[in-house]
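The chain below stands alone, shown as structure tokens; this is the form predicted on its own.
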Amino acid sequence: MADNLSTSFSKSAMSEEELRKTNQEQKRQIIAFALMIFLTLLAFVAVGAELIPASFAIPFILILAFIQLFLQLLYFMHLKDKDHGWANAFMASGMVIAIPVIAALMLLIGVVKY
């Protein structure tokens, strides 16, 4: 029985359709990763080289951060896939609770400039 463990498989246990879907998912993840690296570099270059006005720097970085968050949730947390209904519900409820709490804390502290 242990003799078969050292031999390689002649064919994958996955079907051709599963292999095709896995390869497509890997391509999408690589593209999403490259896009996130680009967004990070764009934020650093735009602020570092003063390409954007100083008053718009923080909203610009926040916009890029939300785009990155969206990409990470979809492609690396797999929230776009089926059978993730509970995870989606918890993430949505967390955002519904977190956004007003952060806004209220900003108002209480007096950080709101925008």
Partner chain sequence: MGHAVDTSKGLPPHPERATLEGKNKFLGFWFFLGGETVLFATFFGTYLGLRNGVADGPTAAEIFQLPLVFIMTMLLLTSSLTSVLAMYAMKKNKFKAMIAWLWVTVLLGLGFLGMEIYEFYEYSVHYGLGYTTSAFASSFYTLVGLHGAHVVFGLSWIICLLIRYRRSGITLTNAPKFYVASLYWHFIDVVWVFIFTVVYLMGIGG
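Each form is matched to the other, and the largest set of C-alpha atoms that superpose within 1.5 Å is called the rigid core. Predicted model, so just to flag it, every value in this text is computed and none were measured. Numbering follows the first chain given and starts at 1.
The same protein also exists as the form predicted together with the partner chain; that form is not shown, yet it is the one meant from here on.
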Query raised in the report: Just to confirm, residue 17 within 4.5 Å of the partner chain in the model of the complex by heavy atoms?
Result: no
Requested in this report: Classify residue 51 as contacting or not contacting the partner chain in the model of the complex by the rule of any non-hydrogen atom within 4.5 angstroms, answering yes or no.
Outcome: no
Query - Those residues of 75 to 91 which, in the model of the complex, come within 4.5 Å of the partner chain by heavy atom - result: 76, 77, 78, 79, 83, 84, 86, 87, 90, 91
**Report entry** Rigid-core frame, C-alpha of residue 9, shift of 2 angstroms or more between the shown form and the other one
**Finding:** yes
